[in-house]
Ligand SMILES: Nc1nc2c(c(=O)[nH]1)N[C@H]1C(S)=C(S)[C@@H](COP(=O)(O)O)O[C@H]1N2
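Only one chain is shown below, in structure tokens, and it's the form predicted alone.
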């Protein structure tokens, strides 16, 4: 069984001294160039996503070949809806903090805006991104602004028995539970120690503007380093429990199921989707004159480098451009391809994190034994025709 990769949280807790002691694999001689990737004629990929069978659920997604901005504009940011689209009034909106707390709180939007303001540039990815043949663009990068969550929880006074924090959205819909049809409000939860991370924000702005309605107006949760499902939109209530919350989106949906061999026997494991996984993708191939360039993005952990493989030839280091050194945002990369031969070519990429973790191949045991499409972070290969 392949060991689980080291998470960003573990890395930060252990500190730089522990990082120095890790046995790491690094890209040979990565270079950095802080500029927008060279533009030119875009050569379309031969492989394209299948038509979206769920337009009401997957409202918008990134078109990789159109990627030309490190910050994703609000009107181009991917959108997924699980239930209805709430229409909330900012003047009437309230956020309740309740459950196992000494001082229950009810806050208005003005209350949040009067508190400490904090920003983070964070690449938000849906955990189902690239796991389905029609869903390859569930990702975007934005600068989010709001107030830190941890001080509010501290002021509310989480009681000693408090263990789990549940975040409730205003969206709701019907769910089948055995033979019952119930109306369930969207909710996700996390351990109290994770919720108290100082990077977590209650966000009311996206790229310098009020949150668009489809992205959670007036307030949403932003958890840098976690898959999109945890970043609850249309947030209305935060509740502290003394036990794990087992709603649909924690215990039944957004659960990764894996088949593993242990002592010669098959064992099935079930884990709720959580923090991001290291990942990269070739975005597009461009041509200027007779020269070709490959451009892509890498994310999921602080990026040390990216390697690119063309037609199963040896891996070669790419040049990191915008976003290099960012903690939570994607890093753009480029590779000068020169003048490739005419015909069909394959292009793959793999990201290498600062802690030495390498983006896995699709046949990695952790991925090969997975029977669900969540957390699909295997190396991505695209096909292109050079004339």
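Positions refer to the first chain, counted from 1. On a predicted model such as this, the values are computed, not experimentally measured, just so you know.
The discussion below concerns the form predicted together with this ligand, not included here.
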>> Whether residue 279 contacts this ligand in the predicted complex should be assessed with a 4.5 Å heavy atom distance threshold; does it?
In response: no
> Does residue 284 make contact with this ligand in the predicted complex, using a 4.5 Å heavy atom cut-off?
Replying inline: no
> Taking heavy atoms and a 4.5 Å cut-off, does residue 254 contact this ligand in the predicted complex?
Replying inline: yes
> Is residue 152 close to this ligand in the predicted complex, meaning a heavy atom pair under 4.5 Å apart or at it?
Replying inline: no
>> Only one of these stretches, 263 to 271, 214 to 222, 100 to 108, 190 to 198, has heavy atoms within 4.5 Å of this ligand in the predicted complex; which one is it?
In response: 214 to 222
> So which of 112, 156, 95, 229 reaches within 4.5 angstroms of this ligand in the predicted complex, heavy atom to heavy atom?
Replying inline: 229
> Just one of 303, 295, 124, 240 has a heavy atom within 4.5 Å of this ligand in the predicted complex. Which one?
Replying inline: 124
> If you check in the predicted complex, do 77, 82 and 234 all have a non-hydrogen atom within 4.5 Å of this ligand?
Replying inline: yes
>> Where, within 162 to 178, is there a heavy atom within 4.5 Å of this ligand in the predicted complex? Residue list please.
In response: 169, 171
